[in-house]
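Okay, here we've got a single chain as structure tokens, the form predicted alone, with questions on binding and movement later.
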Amino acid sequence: MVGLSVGEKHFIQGGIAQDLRSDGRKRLTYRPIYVETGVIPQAHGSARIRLGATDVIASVKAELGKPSALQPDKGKIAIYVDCSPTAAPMFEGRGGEELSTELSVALQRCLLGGKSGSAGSGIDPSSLVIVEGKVCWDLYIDGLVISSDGNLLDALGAAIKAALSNTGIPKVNVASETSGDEQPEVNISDEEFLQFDTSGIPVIVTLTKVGRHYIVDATSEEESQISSAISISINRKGHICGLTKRGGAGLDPSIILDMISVAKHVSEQLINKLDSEIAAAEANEEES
């Protein structure tokens, strides 16, 4: 946590109350977003997102696996986050492990509709099945925090969306059908790849409550003044896909509804901005 003097705290809180933050932004304005795709050649897809001094990478690896007995018609998706000890002093030792777990669970809830990966899911697990009950793709999505200056969850969510947009999974042909418990033979193509439809993948908007007001894309200094924060994942249609809360202070239901309404408005601008940045990054990758 950032250590601030009483005067610095009053300065931050006073600026937010007047809709003029320390870096000149308004309460509901994001820092500039920079996107780079294809940053990890050995992954099936990857992307790097920078929001101010917050810098994160997401990568996607796909491996052939077997669907679970409980969900034979769905592939498996797992999200893991690692906070580099060099990203911030608080990430050293147990602090980094606890935050990594917290971010992984929050991303799972916001992007996959909870552990089951069903309701509200931005990625359709049924699209990963090759032979029902026998062969599927297992997606491993890894996030790495390189540098931290607040708003890690939103940045990681954006990086995962960009990495999935950059992902190409090899096309699989079933060579022979089998009966019983035998595994079918499959051929993995070296030339044909399937792209993800990422239009349904939501963005995460975190509203941080400071005093009587709430802000988006909080810096580390602003997060140190948090009374509570709500992270809401919203897709292009304006549907709420997931929600998670941080901070000890309780929130009145009417305030939560107001925050959801604000998040919906902010998400439209964020989705459009992110989509255009991803398209530009992929165009640059193809040129190089």
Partner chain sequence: MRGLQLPLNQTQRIRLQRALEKLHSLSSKANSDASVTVADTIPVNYDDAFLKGHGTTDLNGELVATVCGVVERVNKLVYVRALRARYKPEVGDIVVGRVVEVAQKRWRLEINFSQDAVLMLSSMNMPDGIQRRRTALDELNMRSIFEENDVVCAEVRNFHHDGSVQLQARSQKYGKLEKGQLLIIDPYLVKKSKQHFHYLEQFGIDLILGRNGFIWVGEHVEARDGMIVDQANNSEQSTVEKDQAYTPLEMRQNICRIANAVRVLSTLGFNVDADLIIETAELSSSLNIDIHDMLGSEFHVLVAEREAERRSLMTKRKR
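A quick note: this is a predicted structure, and the numbers were derived from the prediction, not measured. Numbering follows the first chain given and starts at 1.
Beyond what is shown, the protein has a form predicted together with the partner chain; the following relates to that form.
Listed stretches are 224 to 232, 27 to 35, 64 to 72, 259 to 267; the contact stretch with the partner chain in the predicted complex is 27 to 35, by a heavy atom cutoff of 4.5 Å. In the predicted complex, the partner chain sits beyond 4.5 Å of every heavy atom of residue 272.
In the predicted complex, the partner chain sits beyond 4.5 Å of every heavy atom of residue 44.
When the partner chain is considered in the predicted complex, residue 13 lines it closely, a heavy atom lying within 4.5 Å.
The partner chain in the predicted complex is not approached by residue 276, whose heavy atoms all lie more than 4.5 angstroms from it. With contact defined as any non-hydrogen atom lying within 4.5 angstroms of the partner chain in the predicted complex, 50 is the only contacting residue in 40 to 56.
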